[in-house]
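Let's start with one chain on its own, the form predicted alone, as structure tokens.
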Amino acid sequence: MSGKYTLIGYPLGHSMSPLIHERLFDLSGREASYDLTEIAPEELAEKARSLREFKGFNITIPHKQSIIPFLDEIGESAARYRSVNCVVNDGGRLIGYNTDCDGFCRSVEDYPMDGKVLLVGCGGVGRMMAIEAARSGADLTIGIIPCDKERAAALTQEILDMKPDARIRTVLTADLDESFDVILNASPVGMYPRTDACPVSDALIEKCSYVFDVIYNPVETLLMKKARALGKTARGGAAMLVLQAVKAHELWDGDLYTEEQIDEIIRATEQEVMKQSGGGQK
């Protein structure tokens, strides 16, 4: 069955989405097109109706929240975050989902997320990662810089309202000196072009067992390099990028993929990122 799919956002620039989704369509044997649709914020209301011609679409900045009034329904994940990055056209009804959380959870599904977890950063994707860690039963420490104190306090309260028994505290990252099972980086520290930066000290990396860095450019951040050199398990953001797309295909068409197929697309995505001089949006 053929279908039209797209990514909406503004500005889009270079995106990994066509490469990832085209590979997924090829693997499922579907004839489908996936393109990019730039929609400026002031044009969204006018162009929202035309989105119903697509069988499904993805959403990136700045429309993840502003798209919601134009949808017929949102799923539980989208309601939890008030953020939509995937829409299914179900017989003319547009249903919004958040697959970023699925991509993150699948990226760390073999990590001890119910243990001691350090999350560096608490804005944007960090908020989602903090909530998912708390939902997994983590003993969660949010490492922040001083200017993020208010944001971290609001996030802590949001999590406690959602899960009153959550174990959560906020600490300045620079003051941390203890062991964690898992270190998660949701900050931009180490992202291209400032690839010589690391969000945590060598001592913290040495004491942890697992690392996940949401950054996908560079493919291997300094945090990941240091962790791997010490024999730790470390994964980067390309895995999350591909796995959130896999979830979109499950929602759009019910397509399923093997671990080997997914790993192959993650490698292809990483190779494409390495060819570029800079990062792109999803």
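These figures come from a predicted structure and were not determined experimentally. Counting begins at 1, following the sequence as shown.
Another form, the form predicted together with nicotinamide-adenine-dinucleotide, is not on view; read the next lines as being about it.
*Asks:* Which of I183, V84, A186, L140 has a heavy atom within 4.5 Å of nicotinamide-adenine-dinucleotide in the predicted bound form?
*Replies:* Answer to the contact question: A186.
*Asks:* Would you mind picking the one in I74, M191, A134, L204 that has a heavy atom within 4.5 Å of nicotinamide-adenine-dinucleotide in the predicted bound form?
*Replies:* It is M191 that has a heavy atom within 4.5 Å of the partner.
*Asks:* Just checking whether G126 would be counted as a contact of nicotinamide-adenine-dinucleotide in the predicted bound form - the rule being heavy atoms within 4.5 angstroms.
*Replies:* Answer yes; at least one heavy atom of G126 falls within 4.5 Å of nicotinamide-adenine-dinucleotide in the predicted bound form.
*Asks:* Could you tell me if D102 has a non-hydrogen atom within 4.5 Å of nicotinamide-adenine-dinucleotide in the predicted bound form?
*Replies:* Heavy-atom contact with nicotinamide-adenine-dinucleotide at 4.5 Å: absent for D102.
*Asks:* Does nicotinamide-adenine-dinucleotide come within 4.5 Å of any heavy atom of F54 in the predicted bound form?
*Replies:* Taking the distances in the predicted bound form, the answer for F54 is no, it never comes within 4.5 Å of nicotinamide-adenine-dinucleotide.
*Asks:* If we define contact as a non-hydrogen atom of the residue within 4.5 angstroms of the partner, is L241 a contact of nicotinamide-adenine-dinucleotide in the predicted bound form?
*Replies:* Because a heavy atom of L241 falls inside 4.5 Å of nicotinamide-adenine-dinucleotide in the predicted bound form, the answer is yes.
*Asks:* Among 250-258, 225-233, 211-219, 44-52, which stretch has residues whose heavy atoms lie within 4.5 Å of nicotinamide-adenine-dinucleotide in the predicted bound form?
*Replies:* Careful reading of the contacts points to 211-219.
*Asks:* Contact check in the predicted bound form: D148, R151 and G237 versus nicotinamide-adenine-dinucleotide, with a cutoff of 4.5 Å between any heavy atoms. Do all three pass?
*Replies:* Spot residues vs nicotinamide-adenine-dinucleotide: full contact, yes.
*Asks:* Looking at nicotinamide-adenine-dinucleotide in the predicted bound form, which residues in 161-177 have at least one heavy atom within 4.5 Å of it?
*Replies:* Residue within 4.5 Å: T173 only.
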